[in-house]
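You are given structure tokens for the same protein chain in two forms, set apart as structure 1 and structure 2.
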Structure 1
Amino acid sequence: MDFGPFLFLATLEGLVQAAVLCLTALGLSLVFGVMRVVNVAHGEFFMLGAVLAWWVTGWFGGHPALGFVVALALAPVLVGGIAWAGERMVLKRVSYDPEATIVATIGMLYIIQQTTLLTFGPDARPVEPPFYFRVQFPWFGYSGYKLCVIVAAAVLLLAAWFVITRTRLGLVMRATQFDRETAQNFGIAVDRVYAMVFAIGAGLAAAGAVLVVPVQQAHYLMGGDPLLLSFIVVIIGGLGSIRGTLVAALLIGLCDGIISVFFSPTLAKMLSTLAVALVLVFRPQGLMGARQRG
């Protein structure tokens, strides 16, 4: 294959990765932006969404699209419910202290991971795509499902944008992010907002996992890479900046996909880590983050 078509193929693969990364990193950015909590367990919520998608689809016979649609609707809700319970039982009890929440979410990481291992076993679990067709380009055919992943992620991101910017819930979230004490004085139940935000962040990660699991496989150790890439995206985009998170996710996802196709996934991760180091040195607030005032 010539360089041009090969680059186009690598770009498509990068767009698929960027679409899923946008959803995952957006959830992490929301949690940090509103709650100021570094959620180390975020990758395990991604993993749990993929494993639950495999479990839910296994209950349905007939056409695989039926089970997949149910999984796409149900898995993020279940993962969000688990995250909500974890926030109530753990993070609220440590009063959202920055150091304590890091330790607490590390504990949540291992609890979710080991519970998944004990419940579903160590084997990688394939999920059948809801449909099979190929889009024929002049140089090659490409998976129609992967293209649909890009479209579905874009729709979910637009829905998240609408909720954050055009609804009362989004207004309450932004008010809480801006000034917690003032929000409380206006009668906003900040603790409930924190629980909702933590659940929404986990649900976004789970939705991304459900979309990508037919391309990959569900496995109890699959949360590491999404967590690493999400942290890279949030740092480069700017802590708490949703717009910066989406821009950085698109850039990192594209670069990671293209470099992985042309060279190796290891080199892609190394360059992403180098990008974080450069951002921290030359622009500590990130591409679109607000500079901290002294």
Structure 2
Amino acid sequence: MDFGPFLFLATLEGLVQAAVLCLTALGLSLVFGVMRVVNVAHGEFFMLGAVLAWWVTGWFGGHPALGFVVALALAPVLVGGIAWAGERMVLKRVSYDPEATIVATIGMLYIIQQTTLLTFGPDARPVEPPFYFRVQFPWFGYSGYKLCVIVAAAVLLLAAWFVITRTRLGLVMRATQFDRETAQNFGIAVDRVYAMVFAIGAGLAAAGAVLVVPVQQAHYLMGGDPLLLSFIVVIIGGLGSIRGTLVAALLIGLCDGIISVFFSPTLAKMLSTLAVALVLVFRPQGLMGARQRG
């Protein structure tokens, strides 16, 4: 294939990946921004979203779109609920100590993953897309559903953006992120904001997973990949910067496809991972973010 169409395909793939990544990484970024903790179990919330989508669509039968819409509404709520419970039972009780939280969320990672193994089983299970058509470009074909994933993710992101910037809940969240003590003095129940943020973060990951599961399959070990990618995005975008996260997700999603044109993909993954580590060392505020108040 010529370079032009190749680049076009890489761009399409990059956009799909970026769209899902935006949702997943935004969740991680929110949690880090507001609560100042790293949630290692984030990928498992993603996995739970995909698994729940499989349950729900299987339950409904009939036209796949029906079950899918219900899953898209229900899975984030359920996963958010699980995250909320985890936050109350564990994170709150270690007072959000950054290191204790990491260890605790590693524990949660195993608990969620292995409980899924016990209930859902070890197999990869497909979820039918709500609709399917193939778009034929002159050089190659492409899944129409994937193109719609981009749109759906954009809509969800706009909704999240609206909540964060235009609602009272968002205001409270931003206030807490900006200065926890002051927020508390102004009568904000910081404690409840944290639980809410943790649940929303998990819910966003689950929403991303529901969108992507018809393209991939639900599997109990699928949380690892989105976790690493989200880490990368959040670091490049600047820890805690939401705008940076979105820009970085686009950038990473697009780059990932294009880099693999030039290098062996395994080598490309090595180099990009190393580059990200160096960014975190030498520009901890991220490539685009300004240094935040911490």
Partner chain sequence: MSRRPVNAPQSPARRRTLKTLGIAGGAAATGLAPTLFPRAYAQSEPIRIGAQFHRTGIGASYGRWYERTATAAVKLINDEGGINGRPLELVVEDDGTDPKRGAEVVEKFATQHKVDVAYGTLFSHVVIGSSPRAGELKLPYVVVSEGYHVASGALNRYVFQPGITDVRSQVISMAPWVTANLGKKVTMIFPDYAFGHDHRDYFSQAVIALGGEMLELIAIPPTESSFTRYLPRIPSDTEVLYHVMVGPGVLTFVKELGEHFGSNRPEIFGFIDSLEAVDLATPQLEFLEGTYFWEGNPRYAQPDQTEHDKFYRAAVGVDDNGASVNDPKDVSTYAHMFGCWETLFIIKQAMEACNYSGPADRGAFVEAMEALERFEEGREHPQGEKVFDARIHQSFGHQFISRVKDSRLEVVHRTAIEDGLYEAEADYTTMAL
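Structure 1 provides the reference sequence; residues are numbered from 1 along it. Here the structure is a predicted model, which is why all the values come from computation and not from measurement. Take the two forms, superpose them, and find the largest set of C-alpha atoms that agree within 1.5 Å; that set is the rigid core.
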item	value
Answer for which single form is the form predicted together with its partner chain	2
Rigid core superposition, Val276 Cα moves 2 angstroms or more between structures 1 and 2	no
